[in-house]
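Given as structure tokens, the chain that follows is alone and in the form predicted alone.
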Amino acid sequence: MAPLIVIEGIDGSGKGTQAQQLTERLAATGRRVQLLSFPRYRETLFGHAIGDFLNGRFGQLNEVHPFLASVLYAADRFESRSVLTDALQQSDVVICDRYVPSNLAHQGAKLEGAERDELLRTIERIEFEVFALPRPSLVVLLDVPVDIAQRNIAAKKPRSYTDKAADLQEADAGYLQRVRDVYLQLATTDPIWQRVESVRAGKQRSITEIGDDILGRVLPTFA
């Protein structure tokens, strides 16, 4: 099976841009590379339901229990399992723009203490054991302060799943900060995680500079 490289970070951290850049740069070395993005809003039943959730159809963020929300995201990947496993069998490397760690960070951010720890264990059990999804080889965390992330969100092009400038999660700065905190917690407890700073001295690093940093973390997975 090919290595599975996951690009993570809060909304507005540049995941999609860097996942695409990494795909192109690895392909330029002659490797067969496939890129998948989660949620798959338009390709799966549960992806479509996630779009509804983010648009507030099922209530506000605090009105939907994080366990129930986590099942939506996990089921989107379960629907896509054959797509992912085929890609891993047919490619030299597969890159995911968001994967299981997004579920851990976003849903874990809605709880604290022992309740959070229990939910994180449950999500991992659902995704990796019940749904038998492949585990990542490397998780690259793009770490960006929330104020800069929200500025980036405001500059995004229209998305397929919403007609709003920001969905429920993107619009809530306090929530995004809690998600960032959980990401940083995960990055310090799992050796397959690599943290890449998107901002230095209060300024956003260039796409190329961040991409160089990511590539330097990814290439050793092929050694």
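Quick caveat: nothing in here was measured; it's all calculated off a predicted structure. All residue numbers are counted from 1 along the displayed sequence.
Another form, the form predicted in complex with a small molecule, is not on view; read the next lines as being about it.
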Only one of 71-79, 147-155, 104-112, 126-134 gets a heavy atom within 4.5 Å of the small molecule in the predicted bound form; which is it?
147-155
is_contact(Ile214, the small molecule) in the predicted bound form, heavy atom dist at most 4.5 Å
no
Under a 4.5 Å heavy atom criterion, is Arg25 part of the interface with the small molecule in the predicted bound form?
no
